[in-house]
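Given next, in structure tokens, is a single chain: the form predicted alone.
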Amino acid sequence: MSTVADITADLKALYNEKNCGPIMIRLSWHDAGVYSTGAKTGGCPNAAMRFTDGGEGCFGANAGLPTVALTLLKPITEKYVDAGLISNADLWTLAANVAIEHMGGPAIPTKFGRSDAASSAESVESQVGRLPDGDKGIDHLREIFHPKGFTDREIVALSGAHTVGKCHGDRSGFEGAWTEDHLNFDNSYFKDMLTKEYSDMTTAAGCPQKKHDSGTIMLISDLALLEAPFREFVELYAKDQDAFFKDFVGAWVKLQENGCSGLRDSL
């Protein structure tokens, strides 16, 4: 059995025990998602978040990741990273991809060779202009994602990751799950967006969001996807899960590989 297969088996065991796949997706997304070619340049998946004396480990957008996610991953990190078999950045990438497929989503090819930051000094300078805010609309989404190389269609596909997971008030300020089965990776996010009626609410942390009588939520940035030209892709993915999965894989792999060079197919 290869090391990748060993790590994958341990990750699946973790997800079966802790149902923590969604936070691993968020960990990889926020590690890789700081990349930009806009007003802010540089950034790459380098696991800088594991340092909490400054930098990405202290970004408000990353609240809960250095503590909750990395604590959950600690036994696997000690087993494989500390043994020099895989970098933290590659482990976080693989952990997200295993989680997506484990929850019913598409199989995602993982390449390896990412280097870990040696200290918080290798973080990007700020989350501003690099990571999206949930209380903003289309213009903001484009300002964040276009410099990363994503089209409007890819922005919608990436947003589909909200089909799993929850918002936590003590982390993001938003509260609730987007879908009724937050551990099932499918196209429910898009179906709900088109069929459910949402009303305004403000969380205990003072953040504006939308709620449905079933208890599910949408952020302002989610419902912004109902505007043209994003809406046509929402409608496509709501009726064709295979199309969503195909587009998601392409956009997700691009996200995880932005800013990297020399990646390889094996450890």
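Residue numbers run from 1 along the displayed sequence. Quick caveat: nothing in here was measured; it's all calculated off a predicted structure.
The next section is about a form of this same protein that is not shown, the form predicted in complex with a small molecule.
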From the candidate stretches 128 to 136, 80 to 88, 113 to 121, 193 to 201, select the single one in contact with the small molecule in the model of the complex, where contact means a heavy atom within 4.5 Å. 128 to 136
Is it true that Ile25, Leu141 and Cys167 each have at least one non-hydrogen atom within 4.5 Å of the small molecule in the model of the complex? yes
Note which of His146, His102, Arg153, Arg171 lies within 4.5 Å of the small molecule in the model of the complex, where distance is taken over heavy atoms; exactly one does. Arg171
Does the small molecule get within 4.5 angstroms of any non-hydrogen atom of Leu219 in the model of the complex? yes
Taking the shortest heavy atom distance, is Ala161 within 4.5 Å of the small molecule in the model of the complex? yes
Heavy atom to heavy atom, is Phe51 within 4.5 Å of the small molecule in the model of the complex? no
Any chance Phe248 has a heavy atom within 4.5 Å of the small molecule in the model of the complex? yes
